[in-house]
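The form predicted on its own is given below as one chain in structure tokens.
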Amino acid sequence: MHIIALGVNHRSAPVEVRECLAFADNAVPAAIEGLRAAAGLHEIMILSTCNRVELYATCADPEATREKLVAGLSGFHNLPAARFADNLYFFRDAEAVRHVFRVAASLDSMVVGEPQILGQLKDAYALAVEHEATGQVLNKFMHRAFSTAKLVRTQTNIAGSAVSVSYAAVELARKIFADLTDKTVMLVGAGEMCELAARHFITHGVRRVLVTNRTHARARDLAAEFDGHAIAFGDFHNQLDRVDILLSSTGSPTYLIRPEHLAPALKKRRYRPIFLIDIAVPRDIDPAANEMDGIFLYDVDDLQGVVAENIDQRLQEAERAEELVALEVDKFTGWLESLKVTPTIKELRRLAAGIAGAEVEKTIAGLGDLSPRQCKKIEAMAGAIVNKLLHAPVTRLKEEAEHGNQVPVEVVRQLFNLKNSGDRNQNPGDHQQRETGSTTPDA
């Protein structure tokens, strides 16, 4: 039995290829069933995001399964395989495990350390569980991926610093104002960057948002999204004394905010500080404002510098994260190896139980009239002897298998003449009930 991962991501394929292979949420159940049937798989799940489309599965023959999955993708999307085959990557066994653990820990993301991918992976797994497309191996695999992601986040600072301009603004504001809950933010302009930054500010506690824009209707609409207030563009200078944090991003060819606008506002505020964030190009705020006491002005280059520094910090943390992932990969692949001895252990237990059962029957028959309680005691004693005799060799078999040593397995099969090897190459999940468990475990 092997674990495989097949897919494309933002590095291996351009967006025009990724969008052709993407699965809409309502199409995933049919895709799971179709691909599982096409490739003859016991376990499969699909992860589809804007940056990646990946299939995770267990199989007996990785190369044959790869070909079937490529054909299945081609058929499902009505897309010639030649259109995307060169963009596909394919991992098996330890490399597949490492890849998925890195995906879960956001080490394979476009922005290293971003948290969304773990939630997307959990959702993909939950959907596969709901449609009974997972079994013993993928369940254990996903739960271990989630716990690895948690380990990376708790033992490194990979997600602890801002790597977007809008979030960097929030990070700087939190350094100037320790608590943002009583602060007022004004947005000068109602574009995407202002909107995104406002969402970050609200997430971090800001409760009052003022919005001004040359088109007042747009200001009113954006303010409504944040339960804020729209300010007439011609009047916003008179409202600056109310503002603790101002974020400006317009298309103005000249400065909109100058020292002469800020001086009266500072006086009314009794010189409590104002944090100005100018992400417009050309700039909206006169750089001379930065010379004023109580004014903290950052432009887009300042914020980009913060982002670059934080990206470097994340990459350093990523190196530590890779070490943690490597350790977890070794643990999980050891568990996978141990599954290879499961059929032998079952046969050994079956043989021992059969011998013990036959001897118990002969013994009870030879002892004459025994009560049911006495018979049960004899049966229990025989069972205990079997369990105690097998405990040490079974434990040793598992340990050796976890380290990749299959020699003891063959020795045991020869010593005990275990000829029934028909199930030795089957998926271990076929031998037991599916362990669906929780789709959102405490990772």
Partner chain sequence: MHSSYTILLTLALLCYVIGMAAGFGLIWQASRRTSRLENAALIAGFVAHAAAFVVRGVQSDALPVASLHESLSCFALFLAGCYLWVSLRNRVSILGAFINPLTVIITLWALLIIRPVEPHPPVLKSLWMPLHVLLSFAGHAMLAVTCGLGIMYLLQERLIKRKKVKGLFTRLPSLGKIDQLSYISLSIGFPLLTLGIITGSLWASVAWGAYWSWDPKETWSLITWFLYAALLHGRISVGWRGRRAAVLSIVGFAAIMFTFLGVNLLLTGLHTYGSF
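The model shown is predicted, which means the values in this text are computed figures rather than measured ones. By rigid core we mean the largest C-alpha set that fits within 1.5 Å across both forms. Numbering follows the first chain given and starts at 1.
Beyond the structure shown, there is the form predicted together with the partner chain, which is absent from this document and is the topic of what follows.
Peer 1: Each of 176, 302 and 309 having a non-hydrogen atom within 4.5 Å of the partner chain in the predicted bound form: is that the case here?
Peer 2: So, yes: the whole triplet contacts the partner chain.
Peer 1: Picking from 140 to 148, 329 to 337, 289 to 297, 239 to 247, which part of the chain touches the partner chain in the predicted bound form when contact means heavy atoms within 4.5 Å?
Peer 2: Partner-contacting stretch among the options: 289 to 297.
Peer 1: Find the only residue in 216, 258, 272, 349 having a heavy atom within 4.5 Å of the partner chain in the predicted bound form.
Peer 2: In short, 272.
Peer 1: If you check 172, 165, 223, 124 against the partner chain in the predicted bound form, which one has a heavy atom within 4.5 Å?
Peer 2: Residue within 4.5 Å of the partner: 172.
Peer 1: Does any residue in 24 to 42 get within 4.5 Å of the partner chain in the predicted bound form, counting heavy atoms only, and if so which ones?
Peer 2: Contacting residues: none.
Peer 1: Rigid core fitted, then: does residue 299 show a CA shift of 2 angstroms or greater between this form and the one not shown?
Peer 2: After core superposition, the C-alpha of residue 299 moves 2 Å or more between this form and the one not shown.
Peer 1: Align on the rigid core first; then say whether the Cα of residue 288 has moved by at least 2 Å between this form and the one not shown.
Peer 2: After core superposition, the C-alpha of residue 288 moves 2 Å or more between this form and the one not shown.
Peer 1: Is residue 83 one of the residues whose Cα moves 2 Å or more between this form and the one not shown, with the core superposed?
Peer 2: No, the C-alpha position differs by under 2 Å between this form and the one not shown.
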